[in-house]
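The chain that follows stands alone, in the form predicted alone, written as structure tokens.
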């Protein structure tokens, strides 16, 4: 689509009612009860493990998506307005982007076999390139040699195979000519129209994953209209915490969010530690996003994390009360690198044995650490042990009687329980790598969202 057509389409879409009144009565972050919130977020809390996919024309040059574009980043970080520049190499990768081996059905099947319960695909990153057929932009996949809607195939495959569908959208845009120009009104309407396209044209969407806002001024963005529109279209949608991330105040003129409601709803449903495991938090919902390779997008055929490392990351997120969104960066042709595939296959195999100690659990009740962590579900308490303490494994007293103990590999486990501590033992020869998982059957379930103690040195008898 050329710029003339784009400029015709945007006002027509807006006039047709694509931007509704900011009626916030439908926004769950403002109106739902705790029980309603629990119901809306249950699948996400149970899932634990998702696939993040950073992919686009940048893979042609094995460049980091967005960040390797060698052009200025229009004053959304420093606050200093500088002349807009381009990157003749990066900005033209799309002319060579023709992923003829992209098979969304295989992608979703690959994620399912790896034990992942949801997926989040980059629809548009900071470089402004849309991986979907947007009617308000000519900087899209339709202008590439591939010329087919990548998001369409992905969404259809997720729906067909029962995979929860997430879409990443960067509000920040270092390519768009109207981004942060003047009062930002043109760009604000543009990006909200693209979000509406994503939420209108691809069936059920389960997660909207935003990534940062610039401008350092809340007055440049109509977040009330964004959230009102999103929840008119998808009442059960889950949204992360970055819809307004990095937005001011940076100056006396910007007083921050116009209302407490806008401040509250833009916090979304969960927070997003990036590049590392989040600190243990069993009260608030969170998700760590971490890449398998050397960066978020494709950077060649080496430099990948090992399977054991990724398994322990999943366990640490689970016992810490969060999710792991593990990132993959496919090759330019649409296939996954061998190093990524090795990790995914190994995690899928591990989860065939240990999945019952991951899916549907809640973190705690013991504080996790370098030794490992715990999680629970119904009347089961799972101990995930990385490094066995030299003096033995012991915890503060447990407020439920232990009826039985076993490892998930079938090796025997023994325990002693008193009013002072819970001690558990597995023979050294039966301790699995990278994680020994012990299941304790309890007389009654544990309370969710409560820490009762920590690991400690065994008491002297």
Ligand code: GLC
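Residue numbers count along the first chain shown, from 1. The shown structure was predicted, so the numbers you read here are calculated from the model rather than taken from an experiment.
FYI, the form predicted in complex with ligand GLC isn't displayed, but the following is about it.
So in the predicted bound form, does any heavy atom of residue 301 sit within 4.5 Å of ligand GLC?
Contact with ligand GLC, no.
Quick one: is residue 211 in contact with ligand GLC in the predicted bound form, heavy atoms, 4.5 Å cut-off?
Yes, contact at 4.5 Å.
Under a 4.5 Å heavy atom criterion, is residue 107 part of the interface with ligand GLC in the predicted bound form?
It does not: once ligand GLC is placed as it appears in the predicted bound form, residue 107 has no heavy atom within 4.5 Å of it.
Given that the partner is absent here, does residue 49 sit within 4.5 Å of ligand GLC in the predicted bound form, heavy atoms only?
Residue-level check for residue 49: no, no contact with ligand GLC.
Does every residue of 111, 312 and 354 put a non-hydrogen atom within 4.5 angstroms of ligand GLC in the predicted bound form?
No, the candidate spot makes no contact with ligand GLC.
When ligand GLC is placed as it is in the predicted bound form, which of 222-230, 165-173, 133-141, 94-102 ends up with heavy atoms within 4.5 Å of it?
The contacting stretch here is 165-173.
Counting non-hydrogen atoms within 4.5 angstroms of ligand GLC in the predicted bound form, say which of 391, 274, 333, 338 makes the cut.
The residue in contact is 274.
Which of 196, 376, 384, 242 has a heavy atom within 4.5 Å of ligand GLC in the predicted bound form?
If I apply the 4.5 Å criterion carefully, the residue I get is 242.
Listed by sequence position, which residues of 286-304 have a non-hydrogen atom within 4.5 angstroms of ligand GLC in the predicted bound form?
289, 296 sit within 4.5 Å of the partner.
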